[in-house]
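First comes one chain, alone, set out as structure tokens in the form predicted alone.
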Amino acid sequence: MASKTAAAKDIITLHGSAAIVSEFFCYAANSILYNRAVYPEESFVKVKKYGLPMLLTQDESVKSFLSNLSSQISEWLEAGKLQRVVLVIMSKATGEVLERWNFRIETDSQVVDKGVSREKSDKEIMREIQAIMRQVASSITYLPCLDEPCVFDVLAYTDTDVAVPFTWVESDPKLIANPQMVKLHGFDTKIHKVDTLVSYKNDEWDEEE
């Protein structure tokens, strides 16, 4: 008898995709805060994720903030209402915006409206996320040094009909005037496509002899 073989494929559901993206953002935020030295090196511990050594903050207030953020992002992703998440790094002294890590999200509306699933290998998604994490880890090579104490904030761009939790407040976009920009890799679960861009303050150089 002829045997039938089928290539193994991973079924991606809306709930599963939202979990992948929200978890990615939590790890990416930790990596950014570590590599941009927003928090002390000794406040992070090393774990393995995405086949890479990753750093996670042990600062309880930051852990709580990112945990709540991840839950809220996942909820908005499942509703198909989240357009963009931006991690902003600012001067602690002046509030001046120094960097904007922009994660733009495109959602397959058919999945949200009809509840269908998509197919994509988990390993392929992990490889795409690995590429982003490696770029974040090497950010010191293409971003200017942050030589002053900094703080961070997170902005979420949602559809206008979204009910905003009381813990979130309306904010200005915290833009940078005439920024330099670096486009990073993105990843796609076949339900949510995430594109990554970092913009940063352009140092003023005196070019006169």
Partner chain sequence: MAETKVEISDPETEFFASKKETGHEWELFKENVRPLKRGRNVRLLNHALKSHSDHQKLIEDIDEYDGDDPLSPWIKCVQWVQEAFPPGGECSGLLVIYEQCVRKFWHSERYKDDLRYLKIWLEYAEHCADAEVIYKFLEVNDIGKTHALYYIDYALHMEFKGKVKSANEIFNLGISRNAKPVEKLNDGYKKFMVRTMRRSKTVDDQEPKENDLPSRSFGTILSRGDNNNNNTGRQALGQQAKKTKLNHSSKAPLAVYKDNTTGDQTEMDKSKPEFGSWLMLGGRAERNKENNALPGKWAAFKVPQKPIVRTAAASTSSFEVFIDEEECTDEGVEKKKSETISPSSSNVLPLNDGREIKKETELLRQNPLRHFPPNSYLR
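Just so it is clear, the model here is predicted, and its values are computed rather than measured. Numbering follows the first chain given and starts at 1.
From this point on, the text means the form predicted together with the partner chain, which you will not see here.
Any chance Q83, K183 and T196 all have a heavy atom within 4.5 Å of the partner chain in the model of the complex? Answer is yes for this spot.
Exercise for review: Report the stretch among 22 to 30, 37 to 45, 150 to 158, 66 to 74 that approaches the partner chain in the model of the complex to within 4.5 Å, counting heavy atoms only.
Suggested key: One stretch meets the cut-off, namely 150 to 158.
| said: I'd like to check something about K92: if you look in the model of the complex, is any of its heavy atoms closer than or equal to 4.5 Å to a heavy atom of the partner chain? | reply: K92: no contact with the partner chain in the model of the complex.
Heavy atom of S61 within 4.5 Å of the partner chain in the model of the complex: Close contact is absent here: in the model of the complex, S61 is far from the partner chain, nothing within 4.5 Å, heavy atoms only.
- Item | Interface membership of S138, the partner chain in the model of the complex, 4.5 Å heavy atom rule | Answer yes; at least one heavy atom of S138 falls within 4.5 Å of the partner chain in the model of the complex.
message: Considering non-hydrogen atoms and a 4.5 Å limit, does the partner chain approach L143 in the model of the complex?
response: It does: once the partner chain is placed as it appears in the model of the complex, L143 has a heavy atom within 4.5 Å of it.
task: Using the arrangement in the model of the complex, list in sequence order the residues of 53 to 72 with any heavy atom within 4.5 angstroms of the partner chain.
output: Residue within 4.5 Å: P53, and no other.
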